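The form predicted on its own is given below as one chain in structure tokens.
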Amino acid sequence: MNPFLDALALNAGYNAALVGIGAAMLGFAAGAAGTFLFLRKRALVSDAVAHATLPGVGLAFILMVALGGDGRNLIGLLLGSAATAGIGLLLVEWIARRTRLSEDAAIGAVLSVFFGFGIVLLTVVQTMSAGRQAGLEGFLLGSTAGMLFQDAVVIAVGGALAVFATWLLRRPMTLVAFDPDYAAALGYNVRRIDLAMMGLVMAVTVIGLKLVGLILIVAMLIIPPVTARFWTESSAYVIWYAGLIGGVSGYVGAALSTTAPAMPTGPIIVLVAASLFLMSLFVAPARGVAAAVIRHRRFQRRVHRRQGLLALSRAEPIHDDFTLRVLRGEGLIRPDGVATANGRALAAKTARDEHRWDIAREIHQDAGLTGRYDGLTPIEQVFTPDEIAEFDRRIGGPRALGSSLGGTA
């Protein structure tokens, strides 16, 4: 059987199954937790939080070794990374709120300083007798080969708590993401909700360090929500779509990595997520490029159809080839350019609707109502039958429009 299919079916061995399940859980948690940070337009905060974890890893290792313990204890390393990530998070928030620096400047400062400090600490760790085989460099790009059952449990429990907290806080976080002033008017503490958003991202970042590393966890927090946004206009669904996309990316990426043992799992997971993003960019029905092209093409056809019908009603010649193709395709004119019976009827209706809109503007003088006229929306969708009957009465009854339609071309 194909190794990739074996991995998807969890038949590629215990370690491969453990990595696949752990990656799927992490992907779901990252996608769901990163959604509101993306909607709040603070995606770069996740980058600062991720880089701020590195000093904590180094400090935790040094402290545990100094206390006579095993410096590679995962729980201790994660607690250390959470501590410095929290400090970095608070620093970003404090700098942006208390100084004249913008948030992106605060993020850049915290990211670079904490990451540089972390690299120095890792260098110090490598000089220690207990640190030469510590494997802490795996926290940069991830290290899944040595994943143990307890590591998967940490990811499962931490991810489940992060998803539950996201679901619990979804309403206030949605309000703050789209309209913080309105949320404040309703009595929500915007600063605390912002910190809660970033805290969820910090939690997912910390539990994902072992699997994809601090550099690539940012991609798992941002790419799934961005991809999900292509598929839905509802904030209630984008959370779960993002979680699903993140989970699929983690599971499929882990399965692919079993077919190429020399390749790191974390980058493959991110590449799978990027592939889903590119696919969604082109084929998503809500916001995809293909859908936009189709909508534009349909709009063009409607414009040319209307202009062609108006020309028929005025017995004017039609010179535009695309307009002629549209009218011929709908059977409104014959191949020789002469209007059909259906074409004459629709041309008369189009011309009459133009007169109706003129009367509507005179009666209402209301930009909020008549401003909806774009030349393409049927008047029946804007006014009631009684109103349209009044327009016709003022026009003076049916007009003999398009009397010379038979000879237009």
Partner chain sequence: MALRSAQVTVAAQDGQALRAPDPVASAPLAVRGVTVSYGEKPAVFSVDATFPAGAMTAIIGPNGAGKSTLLKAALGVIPRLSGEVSVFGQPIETARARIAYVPQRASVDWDFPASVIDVVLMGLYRRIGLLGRLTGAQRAKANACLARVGMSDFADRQIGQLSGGQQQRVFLARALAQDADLYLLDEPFAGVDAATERAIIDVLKSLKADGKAVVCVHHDLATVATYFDHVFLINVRKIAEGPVATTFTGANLNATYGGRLAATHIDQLALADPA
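The model shown is predicted, which means the values in this text are computed figures rather than measured ones. Numbering follows the first chain given and starts at 1.
The same protein also has a form predicted together with its partner chain, omitted here; what follows describes it.
Residues within 4.5 angstroms of its partner chain in the predicted bound form, judged by any non-hydrogen atom, belong to 37-45 and to none of the other stretches in 63-71, 336-344, 37-45, 349-357. With the partner omitted here, the residue from Tyr182, Phe299, Phe322, Trp94 that has a non-hydrogen atom within 4.5 angstroms of its partner chain in the predicted bound form is Tyr182. Note on the partner interface in the predicted bound form: the residue among Ser112, Gln150, Gln126, Ser234 having a heavy atom within 4.5 angstroms of its partner chain is Ser234. Its partner chain in the predicted bound form comes within 4.5 Å of no heavy atom belonging to Val289. Though the partner is left out of this view, Leu175 does reach within 4.5 Å of its partner chain in the predicted bound form, counting heavy atoms only. By the criterion of a heavy atom within 4.5 Å, Arg229 is counted among the residues contacting its partner chain in the predicted bound form. Within this chain, Tyr188 lines the site of its partner chain in the predicted bound form, having a heavy atom no more than 4.5 Å away.
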